[in-house]
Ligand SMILES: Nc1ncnc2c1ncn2[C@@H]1O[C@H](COP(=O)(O)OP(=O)(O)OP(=O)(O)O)[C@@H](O)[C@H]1O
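First, one chain by itself: the form predicted alone, in structure tokens.
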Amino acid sequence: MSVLELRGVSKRFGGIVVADDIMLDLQAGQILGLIGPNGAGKTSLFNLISGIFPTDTGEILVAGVRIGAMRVHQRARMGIARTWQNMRLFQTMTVLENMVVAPRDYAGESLLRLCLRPGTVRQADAEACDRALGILERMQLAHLADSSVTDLPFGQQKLVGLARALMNDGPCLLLDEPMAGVEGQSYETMRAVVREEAARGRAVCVVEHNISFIRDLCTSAVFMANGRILERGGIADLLASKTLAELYFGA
């Protein structure tokens, strides 16, 4: 089943084209790799999907619903969850506090609901805490729930970024360079959790320069350069591509 579809999506900033007639179809349970050199338009494509940038032309659909007119928070409620290269964690909050504000429909964000139905908000907060602790357990971070995110090493902060995205239980997960700066046990945990999410039916798209991570996890990939998809297919075939070798590795 198609979870995310891009039909002829284009975007330019002045003379710079960041997306040129992009066609993409992401299926439930699929882990799709999005690779290419810096400046290829990979993160810009995520920004178009999540609503940070409006498209110039084309359509974006989630589960068959056009989302082009939706704002960022509305797309998140449709089930588009993402991580960020720079993580964007709330620095003054604990790990758990970063988590409980991230569900698709966080009850406490409505001032009216908070004033008129405080019991409902408290119940929703308790349920969000339970769910967050379960996710942190999977990430081997439960013992750090009450720690400030600024006290965590970089690899664990990356895991918190993924854990927060998982609080959005929607069908689409966009991971923007999740492995950058991550190694050791954090690397193994990240890989295992991403694989589990796909096995549970979530559609996953990964922007990543770590080719080993792409090879280990992705069933297929697309190669971008200058805002265009130049090649797509199986991982082995794509990594053997002369076009990819010349543009990506300079060989």
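Everything quoted here is computed from the prediction, not taken from an experiment. The first residue of the shown sequence is 1; numbering continues from there.
Another form exists, predicted together with the named molecule; not displayed. Remarks below refer to it.
Just one of T43, S186, Q30, S50 comes within 4.5 Å of the named molecule in the model of the complex, counting any heavy atom, and that one is T43.
Only one listed stretch (54-62, 211-219, 192-200, 33-41) carries heavy atoms within 4.5 Å of the named molecule in the model of the complex, and that stretch is 33-41. Using a 4.5 angstroms limit between non-hydrogen atoms, Q85 touches the named molecule in the model of the complex. Residue contact check for L238: none of its heavy atoms lie within 4.5 Å of the named molecule in the model of the complex. Among residues of the shown chain, V9 is not one whose heavy atoms approach the named molecule to within 4.5 Å in the model of the complex.
Within this chain, V18 lines the site of the named molecule in the model of the complex, having a heavy atom no more than 4.5 Å away.
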